[in-house]
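What follows is a single chain, given as structure tokens, in the form predicted on its own.
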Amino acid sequence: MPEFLEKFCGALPEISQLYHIIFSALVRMITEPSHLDNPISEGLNNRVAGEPVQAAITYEKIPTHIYADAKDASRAVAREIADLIREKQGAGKPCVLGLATGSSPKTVYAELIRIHREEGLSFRNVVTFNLDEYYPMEPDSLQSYVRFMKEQLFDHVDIPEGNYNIPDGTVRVDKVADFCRAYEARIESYGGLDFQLLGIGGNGHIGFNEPGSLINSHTRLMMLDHSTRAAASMDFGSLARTPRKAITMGVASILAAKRVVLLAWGERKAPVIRGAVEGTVTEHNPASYLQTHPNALFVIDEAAASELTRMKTPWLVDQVVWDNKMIKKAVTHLSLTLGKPILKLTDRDYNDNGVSDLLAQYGQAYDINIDVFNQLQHTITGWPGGKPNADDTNRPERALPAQKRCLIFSPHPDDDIISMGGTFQRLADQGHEVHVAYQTSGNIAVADDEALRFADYVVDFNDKFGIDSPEATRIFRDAAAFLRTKKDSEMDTDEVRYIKGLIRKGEAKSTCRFVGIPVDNAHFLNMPFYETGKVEKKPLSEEDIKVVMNLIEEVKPHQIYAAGDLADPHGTHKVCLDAIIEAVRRLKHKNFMKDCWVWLYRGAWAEWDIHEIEMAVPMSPDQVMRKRLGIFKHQSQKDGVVYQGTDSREFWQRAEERNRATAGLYDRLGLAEYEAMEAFVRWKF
């Protein structure tokens, strides 16, 4: 920016912001004519392994690479960073990297470590600057980004200790401004950032540049948004313990990097990704400022891309293969968008809303409407285990065997009742042999005072009935002493964790009794990956997979129900599902597995899209209330949850609203109106 404009714009941030947007847009018009803000501009030539077919036209204003999963995406980003490091080494120059923290870049750092160890990549010429740090924050704290970066990268490569820079969370408050200016100056002394790696918050923040941050902002102390603190509260143990401030590089600092790559995984990020990639440049979504950068790239997985136009309505941007899945997706979307039941859609509705190709290929709207309507009708069943003595041709489940062995996998001790409590009850009421596998103890989600209350109860119980148990008294006293002096997010002792696990185990048993299945049919797997005492878990291991395999072989189920809820902010559901999928794949050659179907349910955070649903189990008002009472058996999770996340509703409220919304979709499409519905998708192995 010219010096006279820099001074003028420094006094008027709004003009500065407008200047930056116009200037960057002009640069992009000259250098990247295909990236104009025109929704019918030419598509980006950015196909990569695992990416869906690129659209012929695009609504995207930032180059976006979509991968099948985070691992493939991370390998590609790590390879680009490694190539840049080597290029700089060859030129005898330092490679200046801007680095991010959080869950998104972990897989990138893991791949860089692998390249260092197996391919000899040296980090001797690398200089790094991290985006941010909580304030105040001691560098050796469990939540410190200094500690994070050492554990995730620096301690595993040969980067000199003096070459990495992280904002100082211990600097005196009256010295923060000076520190921030010095941080910027140090970056400039190296000629600026060659590469900036970013994640994105649920509210669109990059670094800790929260909504409202201006495009000309620089490194500074920032007040954290409530949603950011709520998301971070998992790491700090509660919202009250989560810092309210952070030191962050500013938007202008990020945009000054020569190359910017933003990572995003999971469907929770999908709405904010769409806003950043396809929306307008706005301070309400700071990631959208990257539209003004001449060399920015979004690297995302398919789940995070699910709200982008080319994924949500691909027929609007390119020719598609009109298979049955795509037809259902287009027709249900058209119906819901127009607010018309499926059977009322007309030829004109198809032609006027970008679905004329389907009409041209398959004839009049009436025939298409009838076909899709019937498919949706056939997903609805009050017999999730199959209806005995009935024609099952158009039913989602088989009639035989009439009494099935059903195995419900519940990642946490309450996911069975929260996510599929109505179906759970139906299976039990209809005479099936129902087993529940509680994959993890869920102990980290129990409040400290709950653990103390139960330990105290045991001591009082022993005193009342004359049971001499000095060990129980010792455990209670030790737990009480520990919890009185426990530091924020300090790991619980093994004994405290076990008490918390017992609380949740007892609640799960209570739910089983409430539903009406024998407590002997409740299996507590305590999968090893979970038992770290921290929110962050160990990677899935062979031992975890074998635990799941052994139970499947023991039960020999005709049905398996598993949590396919990849929006789970803790990530536990994903790990638990990976274990089940691997176990099923290894066992699929067994004779009993030939008659086993796997149904995936969603949890408290999201639901299947209507066109994906293959079995919908309706619930009456009485059944909804009974499910609520089953959820109430989990008293440690009621009236406030340790890891609440950004959703302040209790789990029973989330579940009911989700189930009612699913029923509402069927109603809006012109099918029968129910009080609520639980939805499932079949996974065919």
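Quick caveat, the model's predicted, so the values are computed rather than measured. Note that residue numbering follows the sequence shown and begins at 1.
Although not depicted, the form predicted together with a small molecule is the subject of the following passage.
Scan 167, 421, 207, 413 and let me know which has any heavy atom within 4.5 Å of the small molecule in the predicted bound form. Flagged contact: 207.
I need to confirm a contact call. Of 501, 201, 384, 266, which residue comes within 4.5 Å of the small molecule in the predicted bound form, counting heavy atoms only? The residue in contact is 201.
Name the stretch: of 506 to 514, 459 to 467, 126 to 134, 426 to 434, exactly one has residues whose heavy atoms fall within 4.5 Å of the small molecule in the predicted bound form. Result of the contact check: 126 to 134.
Residue 271 near the small molecule in the predicted bound form, any heavy atom under 4.5 Å? It does not: once the small molecule is placed as it appears in the predicted bound form, residue 271 has no heavy atom within 4.5 Å of it.
Residue 319, heavy atom within 4.5 angstroms of the small molecule in the predicted bound form: It does not: once the small molecule is placed as it appears in the predicted bound form, residue 319 has no heavy atom within 4.5 Å of it.
Please check if residue 104 has a heavy atom lying within 4.5 Å of any heavy atom of the small molecule in the predicted bound form. The answer is yes: residue 104 has a heavy atom within 4.5 Å of the small molecule.
Give a yes or no for residue 407: in the predicted bound form, does one of its heavy atoms lie within 4.5 Å of a heavy atom belonging to the small molecule? Residue 407: no, not in contact with the small molecule in the predicted bound form.
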